[in-house]
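So this first bit is one chain, no partners, the form predicted on its own, shown in structure tokens.
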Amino acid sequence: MDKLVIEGGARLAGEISISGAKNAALPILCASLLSREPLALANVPALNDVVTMRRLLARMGVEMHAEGATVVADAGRVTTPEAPYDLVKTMRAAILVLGPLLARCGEARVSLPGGCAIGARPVDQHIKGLAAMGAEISVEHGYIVARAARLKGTHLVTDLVTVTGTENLMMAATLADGETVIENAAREPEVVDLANCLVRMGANISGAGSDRIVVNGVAALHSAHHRVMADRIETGTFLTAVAATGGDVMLAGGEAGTLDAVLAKLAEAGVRCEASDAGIRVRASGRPRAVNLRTAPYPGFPTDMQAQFMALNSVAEGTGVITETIFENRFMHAQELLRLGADIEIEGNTAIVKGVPRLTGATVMATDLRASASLVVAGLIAEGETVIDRIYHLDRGYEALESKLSAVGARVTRRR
């Protein structure tokens, strides 16, 4: 199993190109199921989750053609409207085929999802919404089994804000009969990117980016070209790495407008970030100041950046209080940071992080995707060698991470 070996203490300088967003590419790939005509996508990241999604769609009968960061998905013939356990177990996003399959084929059989072990992430809102649109749904032997001759537009109010739930219902509604209103919709930029792609395919959608999305169903969607948005979590992770280590790095293609909450906290920490059409330039020197943060649905502080800021607070001046409100099991990285010399106390869903002057290298284990990223940030600032085991998590969400960091001066190598 691969591991990362990091020799800490290097100052970062230069330029990093930001990849396409995993959390936008995955639902947009699923959107290809809604049309009999090809969907051409640019800026698709080379990630394990993307490869898994392409394999899943291919098993359903979708013709997949990939060249570099360009992927063309042709769902002219969907032969098997099923997402089996062996492909779904490592990737929660596979649930996103449910709505498109039901809308396009009138049936779907989708294994209950897997993914990172960061707490309960139920799919009841997906099922409740599709049932309200007229689907007959049951859970049989670990699979969601759904049927509907044609979905009917309706007024939906989700019990909680759910990104994948919003995306699934929005995709299903594009081919439904009549108008569907989704209240309490997720506002994340990835939801907006999916909506933009669907509109290019001929869907009638308004309100994406707000908590009320209106979809008027159409008879069919057509071919389209779409460029996947830049990955805001990858951008935020590199911003945090530079903030922790010091340096001057241009994040080419980074979109500041999707990172307001993160940039505000970096400003509090004393880090200079300058946004332009070309990307975001981040400059830092000396120890950052500790910051308090509370995760929340967009546009609040993203839960996917909580772990990286815990690493940053570990070497900051002062004490930072981090409150996690999205997932109940997302402080597993704290124990690994303690192995590097961090001073962290966990009280329920709150972490109290007292900054220390330095961390020291050790062997640590990644427990989930963003925890892996926090350990990379910590390893970059720790004295001596840090070895991060189980980095297959990183390969699910970060494209060529060690290469990008090495290009700006980090001492990072991958070993088996």
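These numbers were taken from a predicted model, which means no experiment stands behind them. We number the residues from 1 along the sequence you see.
Heads up, the form predicted together with a small molecule isn't pictured, but that's what we're talking about next.
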Given that the small molecule is left out here, which of H226, R104, H126, K265 has a heavy atom within 4.5 Å of it in the predicted bound form? H126
Pick from A75, A203, V271, A93: which has a non-hydrogen atom within 4.5 Å of the small molecule in the predicted bound form? A93
is_contact(D304, the small molecule) in the predicted bound form, heavy atom dist at most 4.5 Å: yes
Please check if F327 has a heavy atom lying within 4.5 Å of any heavy atom of the small molecule in the predicted bound form. yes
Residue-level question: is V214 within 4.5 Å of the small molecule in the predicted bound form, judged on heavy atoms? no
4.5 angstroms heavy atom contact with the small molecule in the predicted bound form for L338: no
With the partner absent here, would N23, L160 and E188 each sit within 4.5 Å of the small molecule in the predicted bound form, counting heavy atoms only? yes
Counting any heavy atom within 4.5 Å as contact, can you tell me which stretch out of 75-83, 160-168, 194-202, 216-224 lines the small molecule in the predicted bound form? 160-168
